[in-house]
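Starting off, we have a lone chain in the form predicted on its own, written out as structure tokens.
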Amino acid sequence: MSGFQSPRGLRDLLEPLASAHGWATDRAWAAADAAGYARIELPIAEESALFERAVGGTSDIVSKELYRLEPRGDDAVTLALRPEATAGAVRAYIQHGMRSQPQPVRLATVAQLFRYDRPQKGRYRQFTQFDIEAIGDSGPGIDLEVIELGAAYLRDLGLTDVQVHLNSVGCTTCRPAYVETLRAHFTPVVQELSEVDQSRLATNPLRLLDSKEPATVKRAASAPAITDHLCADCTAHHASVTAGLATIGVAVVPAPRLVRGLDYYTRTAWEYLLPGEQGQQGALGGGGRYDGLVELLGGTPTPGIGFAIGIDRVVLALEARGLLPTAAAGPAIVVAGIEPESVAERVAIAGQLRAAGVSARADVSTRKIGKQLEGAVRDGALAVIIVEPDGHLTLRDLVKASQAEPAERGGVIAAALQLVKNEG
């Protein structure tokens, strides 16, 4: 056994989870394509200042979880592995002049992200998210589109009871007064709070509603709801989104103390959760509006909204419910032989079959034919083509346990193709 193992919080994906991740990713791209979201591939690292400014210096992501890269050579800036995708998408929106395009600009990506987090089931230091961004529309209609797109993606995978936990976190007009109300609510129990939450009380009381510390959670249960402190515009927006989701049949659970973990959210904020699940296992993703983020990162004031759904969490939820897709099928045809001189021909025949649209592999060993046949049966192959010592080919039907007479290459390949077609 090797002395090396995968680093803590990082993992190897083996079957059947590897295929399930690929399947969930393919379905994510398909959902985005069908809804008219343009694909974007973002760099795996950005200037660390981008995340520090966008996500917020007091957020756990920046203060505790950011993987910074030491500058090298002539590099004058510190880079960081991306912990989330929205900041990079907004940076790209500004950098490439997307404001000149018809608004909103709809973007989608499936990205590998990195956070220095405490590893546990469903939470890894390297993880994958399906990310949707719609930049340039402030109306509640785009909220409905984005929220429904994520919910429909999860339902289509088989997670049909997914719920949207919905809140509004207000705007720069109404949120400051609520923050002071929240600070006043927590101040009497400040000595009961952890050191981290005491710091949050001083710098960003909203983050207390997202705390997992028992004393903070207990006090948060009786905290005033931000929906009772919204300005008229935020109240109207939230009412339109709530009514619209009911009209289109998206199950909504009011969550008046949901704030999400990122500082850039405004107005609509939500999470996709599975009912009955405990803790993080039921949280599949979420999103929100970020109407001030483009301006914060140097662009013209532009509204935006988006979500991120964790592919790792989705696959675990599917596995727990027995809904993982069938693992990728083995080759339909295996090409076998025992003569070392026939190895190249076996590979060539397998390639010809694949070019014709049939899955095939060559057995490149010189094991006994019986052992090669056992391997083909184990892989679920329908048939084996045997390259005989005299150069002829023999087709063995593993389904019917029958074998044809040796023949020329063209005829045997045609017969193999027909056999696969007949088996459907």
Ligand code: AMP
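All residue numbers refer to positions in the sequence shown, first residue = 1. Just so it is clear, the structure is predicted and the values come from calculations on it, not from any experiment.
Absent from the display: the form predicted together with adenosine monophosphate (AMP). The rest refers to it.
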Adenosine monophosphate (AMP) contact in the predicted bound form: Leu284, any heavy atom under 4.5 Å:
yes
Residue-level question: is Phe127 within 4.5 Å of adenosine monophosphate (AMP) in the predicted bound form, judged on heavy atoms?
yes
Contact flag, Gly136 vs adenosine monophosphate (AMP) in the predicted bound form, heavy atom cut 4.5 Å
no
Heavy atoms within 4.5 Å of adenosine monophosphate (AMP) in the predicted bound form: does His185 have any?
no
Taking 4.5 Å between heavy atoms as the contact cutoff, choose which of Arg115, Arg219, Arg91, His238 touches adenosine monophosphate (AMP) in the predicted bound form.
Arg115
Name the residue from Arg82, Arg346, Arg313, Arg207 that puts a heavy atom within 4.5 Å of adenosine monophosphate (AMP) in the predicted bound form.
Arg313
Using a 4.5 Å heavy atom cut-off, which of 196 to 204, 304 to 312, 238 to 246, 290 to 298 contacts adenosine monophosphate (AMP) in the predicted bound form?
304 to 312
